[in-house]
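First structure 1, then structure 2: two forms of the same chain, each alone, as structure tokens.
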Structure 1
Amino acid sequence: MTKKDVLPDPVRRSMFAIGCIAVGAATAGFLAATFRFLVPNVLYEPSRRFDIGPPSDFPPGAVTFLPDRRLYVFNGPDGFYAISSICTHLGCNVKRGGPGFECPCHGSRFDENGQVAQGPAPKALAWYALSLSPHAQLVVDLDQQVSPEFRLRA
């Protein structure tokens, strides 16, 4: 090997530094991936079963809209019931209009029981189970759909 074949000393040092940086970056990436693997993938969502307040918060004959839960709560002569405000067409919030509900986005109409009166919605609005907690609070369970005949007498 001649002196011409050997790289100059500063170039050799810079290549060594670049190699060290690359190995360090690869090691850091490996360690980060390892520690990320140790953290569980948990989706923290709000509970689908929740209190909405005491029955006295819902006057007789009233319809109360809970915007944060996208839910209508009725206190009718037959008892309490809850209907989703999520249109079954594309998920818009339906509004109370006349005797039923209207979707402002695409024109679907639902009767007072949430049944489709005019499309394009493919199915009725969901009815959710209501119960009374031991602390005298109305509890909605979004995981339990019920038929439109369901009423909670509180």
Structure 2
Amino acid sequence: MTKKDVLPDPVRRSMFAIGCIAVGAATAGFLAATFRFLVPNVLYEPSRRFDIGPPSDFPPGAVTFLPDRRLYVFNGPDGFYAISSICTHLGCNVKRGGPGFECPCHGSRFDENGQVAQGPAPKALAWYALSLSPHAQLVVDLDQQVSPEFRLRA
């Protein structure tokens, strides 16, 4: 018997390779499925789009803080706008202080438009889109960020 005779059958070798690839693919699929399982499909959280009452609740020139929504609502001379109270640094609630906002956690300061004035915050406070519902309620959409030029005339 020569050595050549005992070499593995090429069909068996390719079957083995296919088997290895299949097991590898199954493992990868299993890992991907496990990861996907960890991503929640339903969030039992307050809606990201909600109404905050009629415009008449917000007197002209006033700033209203909605603590549950972590939101400041302004009724300025040009119209309504809403600024988040969540500090862009580490998520603490900013407070009104001086002309703008101050964060109690790490001393970040923001001007009246939410732009960073001082401290470690890397970016400006978020501005969210306001709209009027058919029932004449102000509606905030947390999934829709807008620029500081945004005003809603109501």
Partner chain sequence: MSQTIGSRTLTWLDGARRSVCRIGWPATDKDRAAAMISSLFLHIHPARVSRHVLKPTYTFALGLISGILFIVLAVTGLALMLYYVPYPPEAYRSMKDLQFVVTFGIVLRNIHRWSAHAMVGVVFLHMCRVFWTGSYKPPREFNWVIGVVLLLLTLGLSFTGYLLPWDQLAFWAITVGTNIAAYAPVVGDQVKFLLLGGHMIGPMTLLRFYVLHCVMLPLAMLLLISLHVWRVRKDGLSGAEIHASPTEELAGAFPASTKTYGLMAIGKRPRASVEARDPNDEVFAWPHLLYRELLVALAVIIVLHIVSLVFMAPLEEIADPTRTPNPAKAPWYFLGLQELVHYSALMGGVIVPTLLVLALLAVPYVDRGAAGSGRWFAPERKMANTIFTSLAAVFVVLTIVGTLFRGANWAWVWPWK
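Numbering for residues begins at 1 and runs along the sequence of structure 1. Not measured: the values here are computed from a predicted model. Each form is matched to the other, and the largest set of C-alpha atoms that superpose within 1.5 Å is called the rigid core.
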Taken from the structure described, the form predicted in complex with the partner chain is structure 2
Given a superposition on the rigid core, I'd like a yes or no on whether P40 shifts its C-alpha by 2 Å or more between structure 1 and structure 2.
yes
Align both forms on the core first, then report whether S14 has a C-alpha shift of 2 Å or more between structure 1 and structure 2.
yes
Give me the smaller rigid part's rotation between structure 1 and structure 2, in whole degrees, relative to the larger part.
158
